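Single chain ahead, written as structure tokens, the form predicted alone.
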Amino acid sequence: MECRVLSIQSHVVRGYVGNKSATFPLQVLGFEVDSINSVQFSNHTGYTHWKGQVLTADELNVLYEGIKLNKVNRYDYILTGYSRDTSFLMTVVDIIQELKKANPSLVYVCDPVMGDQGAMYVPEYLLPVYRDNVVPLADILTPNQFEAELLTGRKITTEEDAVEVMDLLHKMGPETVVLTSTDLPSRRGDQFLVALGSQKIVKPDGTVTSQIICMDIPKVDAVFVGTGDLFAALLLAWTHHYPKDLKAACEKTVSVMHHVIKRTITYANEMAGPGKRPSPAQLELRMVQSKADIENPAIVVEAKVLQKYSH
């Protein structure tokens, strides 16, 4: 059965971010990917220079209109990432609503990219748009700790807080929530960061099965770009293969991430030379070189089940 994804994200000529980060892994894992590029830049904005164009809400509509006129607007998944414009985001919302009407079993994977480490890198007026319009449509949500706190208005200082925040996010719409990174202390020491996930599946008879997991992920001392986009794409793929087992899906996702990042940092350090910090170009994700790991990752991060119940 063919599985088709509509991915609305940024595009770069050189490197891996947005659609460039998401498309290759999804294709390798057997998905057809239709990409709408919300921006087309020469490279990501972490470089000294970058040039390019931004797609407007009207231009997005025109592209979607073309797909619709040809009656090829049936999708199994939608994937969205970074956006910094209200009208563009609201057009995405309209498109998702229409596609969900056409296919009620469509799954929307949303990475609500707003900021990190206590700072927003999109305009503040996007927060209510995400909270009130986008998140209620999402089936799978991948915020970091800061974004989850923004969406719920609750601070996370303990594991219990994190579980409560994920529960609040479930109440807003998504049945699967993964906090991709948190500031919570890891049981394995300060060389690890903690990620958590929660899945609530309502069965046709009204019973709910739920699974909450926790992962300790090895830290890497470097700034990578495009990793969040890669994470959301991989989670889409692996939850498709393990729809009722968040533990397995997250283990696969995080293990692929680990292999890609390890390969990237090894290469970047070699290129930079001893004692030198690698440049943004040297730190571009080694995506093509990681094809085998994307397809069949050795599991290097095990998820711990914190809670599991049916009622």
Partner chain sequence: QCIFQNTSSTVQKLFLRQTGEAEGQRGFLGFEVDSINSVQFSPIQGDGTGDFDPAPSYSHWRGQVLTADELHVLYEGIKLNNVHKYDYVLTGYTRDTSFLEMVVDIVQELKRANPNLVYVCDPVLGDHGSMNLYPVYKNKVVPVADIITPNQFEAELLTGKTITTEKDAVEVMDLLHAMGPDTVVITSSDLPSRLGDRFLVSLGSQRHVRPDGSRKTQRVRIDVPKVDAVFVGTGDLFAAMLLAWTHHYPKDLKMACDKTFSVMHHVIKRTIAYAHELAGPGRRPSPPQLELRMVQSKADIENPDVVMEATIIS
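Residue numbers count along the first chain shown, from 1. Owing to the predicted nature of the structure, the values given are computational and were not obtained by experimental measurement.
As for the form predicted together with the partner chain, it is not shown, yet the points below apply to it.
- With the partner chain omitted here, the record of contacts in the predicted complex names 22 to 30 of 240 to 248, 254 to 262, 268 to 276, 22 to 30, defined by a heavy atom within 4.5 Å.
- The partner chain is not drawn, but in the predicted complex it has no heavy atom within 4.5 Å of residue 298.
- Within 4.5 Å of any heavy atom of the partner chain in the predicted complex lies no heavy atom of residue 77.
- Although the partner is absent here, residue 72 lies within 4.5 Å of the partner chain in the predicted complex, judged by heavy atoms.
- Though the partner is left out of this view, residue 304 does not reach within 4.5 Å of the partner chain in the predicted complex, counting heavy atoms only.
- If you check the partner chain in the predicted complex, you find a heavy atom from every one of 11, 52 and 62 within 4.5 Å.
- Contact annotation for 273 to 293: residues with any non-hydrogen atom within 4.5 angstroms of the partner chain in the predicted complex are 281, 286, 288, 289, 291, listed in sequence order.
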